[in-house]
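A single chain, nothing else alongside it, follows as structure tokens in the form predicted alone.
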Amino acid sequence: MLSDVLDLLTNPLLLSILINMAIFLIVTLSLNLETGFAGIPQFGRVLAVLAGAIAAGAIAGRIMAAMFGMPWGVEYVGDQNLQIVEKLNSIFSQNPGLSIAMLIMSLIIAAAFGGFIGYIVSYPAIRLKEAYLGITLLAFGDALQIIGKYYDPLAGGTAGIVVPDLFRFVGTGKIKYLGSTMIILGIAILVLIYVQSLAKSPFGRALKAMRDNELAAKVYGKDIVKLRAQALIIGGALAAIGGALWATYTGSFKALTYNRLTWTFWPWAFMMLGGTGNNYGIVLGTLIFSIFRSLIYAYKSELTNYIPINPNWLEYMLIGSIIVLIALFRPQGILPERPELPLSRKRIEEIKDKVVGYKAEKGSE
């Protein structure tokens, strides 16, 4: 009975849906913070995701190698990369606590690197708006990918590098993939809770005020430059965590696989489908796309017999079609944005009743 449950939970299709949803939920929530809340045309989401993957694979990996007296310079990303990572994995297998500590360290480094990237791109965000800013951010993302792709000492260039397996504390085999998927899904839920709390906070309301009417926000004393910078820093840090988790989960890093289609335009599609500005809509949109993408991958060979095109292009056609249909018929998404109340409705009613009662007492005196 237990083995049947384990087989069900470790079904490759189910794990594919869950891991895709978890990673893209983190990335799309970061995009929603910058675009849905702050109104920044973030067409360079891949920039922070790629920065997080580099931080986990090339920076944190080097730190781990140096800690245990292994080559950590150019040798780390060269011919010795596989041997160094295998030794690190062996150490982590014998010490689960150390593996957990290194995972936390890797995510902290990635978040810091992503936040720094967000701070850097906030400078053009101060002066540029709308299409000009969107194109500039897109160019930044492509620039970092080119550096990572062709500058071998950074992260192995076109050959890429092997990333230390920081999920060794979970176990091996099926258990490892199930456990690591659940951990990443748990992190995604924590990110959802965090971003949702931001939406209800004064900071979140200030971002939306800036998005809706920048001039009015300035009149009410809001620092637009500071708000934009904070949104980009927080969004960059969250997206970098997603990139670091993906590199760690897959166990490898190649800059050329972090392209603008997968890590910028897909999150845009997820956000538009679910509902821009609605975090729960982001969850729904990400889940729907993750299911469709995983089904297409799982049944590629069978689909060949029923469709007149190469199934490899089906997901691109699907995403493109959905974006067009959303823009035409439901631009607000499946779950449109709703006003975020600073307090619960119950608490607001309690305050209202107290005010009404207080006025009644004063009127009777």
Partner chain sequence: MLMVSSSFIQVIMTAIGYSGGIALAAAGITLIYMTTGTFNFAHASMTAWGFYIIFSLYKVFFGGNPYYYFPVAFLFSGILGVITYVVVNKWLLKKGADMVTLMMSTLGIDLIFFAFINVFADYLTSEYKVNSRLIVLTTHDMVLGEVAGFKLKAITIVSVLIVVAIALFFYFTLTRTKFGIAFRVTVENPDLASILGINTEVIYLVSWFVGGALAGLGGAVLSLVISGNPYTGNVVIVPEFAASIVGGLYSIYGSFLGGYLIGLSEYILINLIASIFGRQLVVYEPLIPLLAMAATLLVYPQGLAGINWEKVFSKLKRR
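Residue numbers count along the first chain shown, from 1. All values derive from a computational prediction rather than experimental measurement.
Absent from the display: the form predicted together with the partner chain. The rest refers to it.
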{"property": "The partner chain: the contacting residue among G251, G78, G179, P124 in the model of the complex [heavy atom, 4.5 Å]", "result": "P124"}
{"property": "In the model of the complex, the one of L256, I291, A139, L190 near the partner chain [non-hydrogen atom within 4.5 angstroms]", "result": "A139"}
{"property": "Listed range touching the partner chain, judged in the model of the complex by heavy atoms within 4.5 Å, from 313-321, 65-73, 295-303, 47-55", "result": "313-321"}
{"property": "Heavy atom of Y119 within 4.5 Å of the partner chain in the model of the complex", "result": "no"}
{"property": "R228: touches the partner chain in the model of the complex, heavy atom cutoff 4.5 angstroms", "result": "no"}
{"property": "is_contact(Y194, the partner chain) in the model of the complex, heavy atom dist at most 4.5 Å", "result": "no"}
{"property": "Non-hydrogen atom contact D212 with the partner chain in the model of the complex at 4.5 angstroms", "result": "no"}
{"property": "Interface residues of 226-254 toward the partner chain, as seen in the model of the complex [heavy atoms, 4.5 Å]", "result": "none"}
